[in-house]
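Two forms of a single protein chain come next, each set out by itself as structure tokens; they are called structure 1 and structure 2.
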Structure 1
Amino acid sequence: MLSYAIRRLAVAVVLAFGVATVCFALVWFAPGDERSDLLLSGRGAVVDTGPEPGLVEAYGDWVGSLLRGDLGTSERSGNVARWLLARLPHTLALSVSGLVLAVVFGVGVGVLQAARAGTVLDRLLTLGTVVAYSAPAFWVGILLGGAFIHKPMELGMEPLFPLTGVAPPGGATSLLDYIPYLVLPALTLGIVLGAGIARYTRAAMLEALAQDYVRSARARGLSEMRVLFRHGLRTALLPLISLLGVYLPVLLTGAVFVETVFSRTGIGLAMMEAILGQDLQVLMGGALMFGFAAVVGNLIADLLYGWADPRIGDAVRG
């Protein structure tokens, strides 16, 4: 297992380096004025710098700045690293809570569908998960805003949850003050991602329940609940762990649109504003954070999969 973890860590480092190189190349070769090259080298605030640096020199300067945690300076936002780090907790809170809801919703619905496979309930849930999985995150957010905000107001009631922001207007006095502002955005991500997890869980559960050891467990008189969760779900969770690693980039991409809909001051909204304002430094810094987060997520999924399935470690040693 240790050798497997070291190999996966080495692959993650190479992938992170590749992500950084791609981000640099996209901005370097993007059409723009002459200052774009200087922005990448971290010398965007200098007007007369002499000859413009070449590709290799600019890339070396940029990598050196990146290793020091310096993402450059933006004319609109100031220090990019400080600007994004101040918004990172809001994006992390949304991503983690959305992922938790997605797993609870997706696994629960998938297990229920597998237990009632072929019934009317299974068909209705299949239709619902397909619609939710196909729907854009911002559209689901708008629907939830209408259901929990505008509809109660039309009936003369107070909105159930705040629609925009991350904290009360006067500022938060405790962590509990942030929760009402997190409910609708997290629920939006949970529904969209959970629908895909539900479809995957249903298929994995049906395959697991068709195995001989499950039929043997039922023949021994074990309860259906124990068969479902101890034998079926335990086996189905192994490929689900890998799916969560793949879902992390989707989760972060969805956070961009969800934060825009609900005006959450996270990295997603900062990137959207950077796109509209053509702020290359903030845009590349946000892309780097999302890319590194995806690499770390896949690394964690690989390590969890290796821990859950010892055969992987044996294959590496072999």
Structure 2
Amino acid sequence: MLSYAIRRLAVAVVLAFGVATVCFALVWFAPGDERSDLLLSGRGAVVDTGPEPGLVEAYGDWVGSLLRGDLGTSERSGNVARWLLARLPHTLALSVSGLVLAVVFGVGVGVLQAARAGTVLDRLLTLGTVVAYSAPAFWVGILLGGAFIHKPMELGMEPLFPLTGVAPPGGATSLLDYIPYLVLPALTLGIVLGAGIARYTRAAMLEALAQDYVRSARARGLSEMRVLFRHGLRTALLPLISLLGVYLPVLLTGAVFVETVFSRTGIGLAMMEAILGQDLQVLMGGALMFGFAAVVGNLIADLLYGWADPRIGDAVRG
């Protein structure tokens, strides 16, 4: 297990390095010469002395400052790392609550479908999950916003949830102030991501329940609930952990769209504002943060899977 963990960690470091390199290449090869200068302005020092730095030198500088946690400074936003870190909690709150909702929805619906396989309810839910699975996060967000905020407003009622932002003006004084702003965005992510998890859970549950030992457990007179959760869900959930690693980029990307739809001032919205304001440092800083988040998430999923299923460590070694 330890050597497995170390190996995964090494892979994660290489991946993070790759993400950084891709980001650098994106900027370096972009058309327009002011962009390659922008890379260097982040060092804070005077740059326009001497000749233009070459690719290797610029890359070295950039990686160096990255390792110090320096994402540069921009005119609009000041210290980019600080600017983004201040917004990170909002994105994290959205992602984590979205993921939790997705797992709850997904596993719940999947188990329900597997328990009622073949019934009308199962078919309706199958159709529902296909539709939710097919819908882009921004459209689901718009629909939810329309239904709970804008339609009531059109009818002259109070909207059910606050219009935009992450907290009441003047800042949140308690968690209760914060939550109403989180409900619809997190629900959006939960629906989009949960649909995929539900489809997976249903299939995995049905397969697990068809195993011989489960059937013999049924024959021994174990209660249906016990069979469902003890035998079905346990077997089905293990691979779900590794699937979460696959869903992570979806979650992060979804966050960008959801923040845009609901004007949540997280990192995703910061990136979109940066694009409008030609604020390259913030754009690249945001892309890097999402990239690193994906790498870390993958690492966590891998480690969790290795911890939950000791065979994995052996299989990798063997």
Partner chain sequence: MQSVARHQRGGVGLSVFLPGAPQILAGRVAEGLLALMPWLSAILLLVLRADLVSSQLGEGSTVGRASMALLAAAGLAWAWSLRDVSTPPEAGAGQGAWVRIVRDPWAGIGLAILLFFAGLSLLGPPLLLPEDPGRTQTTEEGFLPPSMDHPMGTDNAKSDVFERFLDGARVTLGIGLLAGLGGALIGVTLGAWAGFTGGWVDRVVMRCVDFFIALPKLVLLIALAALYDLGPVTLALFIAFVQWPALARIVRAEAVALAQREFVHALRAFGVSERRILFRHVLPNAQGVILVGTALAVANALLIEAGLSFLGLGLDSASWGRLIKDGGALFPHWWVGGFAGMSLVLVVVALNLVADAVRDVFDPRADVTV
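All figures in this text were calculated on a predicted structure; none of them were measured in a lab. So that the term is clear: the rigid core is the largest set of C-alpha atoms that superpose within 1.5 Å between two forms. All residue numbers here follow the sequence of structure 1, with the first residue given the number 1.
Each of the two structures shows the same chain on its own, and it is structure 1 that derives from the form predicted on its own.
With the core held fixed, Gly277 shows a CA shift of 2 Å or greater between structures 1 and 2.
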